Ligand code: GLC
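Read the single chain below, which is given as structure tokens and is the form predicted alone.
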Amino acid sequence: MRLTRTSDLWWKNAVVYCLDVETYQDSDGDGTGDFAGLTQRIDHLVRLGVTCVWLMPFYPTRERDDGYDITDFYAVDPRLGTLGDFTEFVRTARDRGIRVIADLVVNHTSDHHPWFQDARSSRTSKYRDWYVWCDSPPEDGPEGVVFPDVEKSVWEHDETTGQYYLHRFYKQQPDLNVANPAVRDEIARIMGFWTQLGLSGFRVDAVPFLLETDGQEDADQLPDPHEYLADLRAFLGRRSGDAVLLGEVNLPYPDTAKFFGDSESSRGDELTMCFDFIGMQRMYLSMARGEAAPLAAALRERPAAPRDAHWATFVRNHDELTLDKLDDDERAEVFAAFGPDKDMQLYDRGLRRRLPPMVDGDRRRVELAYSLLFSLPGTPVLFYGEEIGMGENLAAEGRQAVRTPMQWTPDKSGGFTAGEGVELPNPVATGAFGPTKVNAHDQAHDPASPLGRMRTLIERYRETPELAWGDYRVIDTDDPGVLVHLSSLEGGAVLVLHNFSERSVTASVEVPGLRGGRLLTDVFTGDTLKSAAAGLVDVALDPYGYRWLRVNTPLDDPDRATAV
């Protein structure tokens, strides 16, 4: 694929940055972050190299699920500002070359949303069929709750009308009935409203739950949920031709790939991007073992995305670091390595920690993970604070441990607020990863700091189009600790190596199509090394080290570097 024909596919080499307005920057000293504060910090994102901001929910809410229990899909929560503040941020970001997407949370509403308040008032309500009701929970209905520490059932009895309503999340979040054409039309109106105000797309929350029809009496007669997702993508395309749908689909690879859409024509007509949950979890297993095999296997198993779609890669997201796709023994390995205390774990499936404390502040291992993020095939997604090496605060409840205020300066609130004695959304991190030790101000002019290294990684990623646009293949090596992959684009190729072990190693790599005596240049240092013989190159790696090596002449047979 030539770059000259892909200007509208901006998301293929984007750098996405997820943040919560509430915890990013407080402009008025009331203790809550707001859009005015976020706008003031836009230049930090510009200098970092961010090209797309993903906003967590900013809509009016009862705050029963950190903003995901929405009471109005067409407004901004007054604590965070006004619609005017929102549009000012979007305009300012656009002026700096940054697009903005936002969470689309339409699998459920708050139980205080006017729709549900009306729906529960009477069985004949206009909005009754906007939700899923039954006289008694069906035996063949959906099983398993998202928050097993709080909820024991997906059905909640409503005293007013004497029926049960469906909720896959908290009982304060009744599920919308996406099978209802009126609900589907309303979801399209919500998308159209926010794209008209400047959004470049949406991160779609909990996509499989959005499309699920289990528990409905006429489920076998309902429209195909994937056809509905394709309709949403087509609607968004009509409103904004280059807008994206970034989907949260945590399923095995074959099931996740279905959400890209039409595989027969190699064109994605549903989600633009899907998060690679499998690759993320296998990466942590590789780090725990000091072996490349788990991640290498995931990269070989991962289906190729259609031409008009892409995978999204991440080190951690805004929820718990889920490990649910590892088996019990594998999960126990990762827990033992990175979260041995029960308080560090959540729902028996994940960790409520950030990476730097997980590896005891070992900068080598942190950099290894982020080098993987920017060099493995897919669009990299950062969670706010990762760029400065923030830690978690386990004193916060559940998932809130990793949603602490952004640390800008060394003062006690991390420069998040100038207010004195005000209540913060979550407690600031403390100890070795508190703001006196970790903050953006102290790192801003130090190229060797976490912030400086993150900027460098992003610069090199943006200068290396093979990583975002090229085909890739995993290459076997003679060392179990080393992961090697080759990314190739017409006219160029980059060889990338990562050492998961604590040993210094020299990896012997057979590169398809590489002639003997060819030079390879280190993308970071400019150092060169020469292939020893036809197809062979020996590369030295420090403990937990990584190298990105550009092949200075095209490979003899670039087609041999296509994805496996």
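This one's a predicted model, so the numbers in the text were calculated from it and none came from an experiment. In case it trips you up, residue 1 is the first one in the sequence shown, and so on.
The same protein also has a form predicted in complex with ligand GLC, omitted here; what follows describes it.
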In the predicted bound form, which of the stretches 61 to 69, 36 to 44, 532 to 540, 504 to 512 has residues with heavy atoms within 4.5 Å of ligand GLC?
61 to 69
Please tell me which of Phe116, Phe169, Phe89, Phe202 lies within 4.5 Å of ligand GLC in the predicted bound form, judged by heavy atoms.
Phe169
Can you pick the one in Tyr253, Phe235, Phe193, Phe147 that has a heavy atom within 4.5 Å of ligand GLC in the predicted bound form?
Phe147
If we define contact as a non-hydrogen atom of the residue within 4.5 angstroms of the partner, is Glu291 a contact of ligand GLC in the predicted bound form?
no
Look up in the predicted bound form whether Arg128 has a non-hydrogen atom within 4.5 angstroms of ligand GLC, and give yes or no.
no
Mark Gln173 yes when one of its heavy atoms lies within 4.5 Å of a heavy atom of ligand GLC in the predicted bound form, and no otherwise.
yes
If we define contact as a non-hydrogen atom of the residue within 4.5 angstroms of the partner, is Arg399 a contact of ligand GLC in the predicted bound form?
yes
Within 294 to 317, the residues that have a heavy atom no more than 4.5 Å from ligand GLC in the predicted bound form:
none
